[in-house]
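Take a look at this one chain, the form predicted alone, written out in structure tokens.
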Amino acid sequence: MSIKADDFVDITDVVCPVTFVKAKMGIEELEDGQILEVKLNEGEPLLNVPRSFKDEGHKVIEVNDNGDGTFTVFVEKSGL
């Protein structure tokens, strides 16, 4: 099953803590229930960004390894 994202943010060109700030700006523009696709690097961003989304109450649906040192994370916006 392929997930259809409503918006896409590529944060492979920024470093922590800017990675989550940029991803958070992307999800804030969405409506509740919409999905943000975030492309990020392995390592610190992969550890921190999905966890930060969960901490804010959003739902991390899927994390895919792109095989090139980057990952794609799908996050569903949840309005708390």
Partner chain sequence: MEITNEQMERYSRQIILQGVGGKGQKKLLQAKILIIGTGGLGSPASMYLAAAGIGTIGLVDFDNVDLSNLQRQIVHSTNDIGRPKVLSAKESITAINPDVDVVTYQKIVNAGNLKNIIKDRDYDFILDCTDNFPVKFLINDACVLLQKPFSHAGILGFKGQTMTYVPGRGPCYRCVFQTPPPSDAVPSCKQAGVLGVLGGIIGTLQATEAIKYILGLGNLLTGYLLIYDALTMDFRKVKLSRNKKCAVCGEKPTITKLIDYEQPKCEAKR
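Positions refer to the first chain, counted from 1. Everything quoted here is computed from the prediction, not taken from an experiment.
Keep in mind that the form predicted together with the partner chain is missing from the display, and what follows is about it.
At a distance of at most 4.5 angstroms from the partner chain in the model of the complex, none of the three residues 5, 7 and 59 contributes a non-hydrogen atom.
Using a 4.5 angstroms threshold between heavy atoms, residue 71 stays clear of the partner chain in the model of the complex. Although the partner is absent here, residue 14 is a contact residue: one of its heavy atoms lies within 4.5 angstroms of the partner chain in the model of the complex. Among heavy atoms of residue 32, none comes within 4.5 Å of the partner chain in the model of the complex. The partner chain in the model of the complex is not approached by residue 44, whose heavy atoms all lie more than 4.5 angstroms from it.
Residues 18, 20, 21, 22, 24, 25, 28, 29 are the members of 18-50 with a non-hydrogen atom no more than 4.5 angstroms from the partner chain in the model of the complex.
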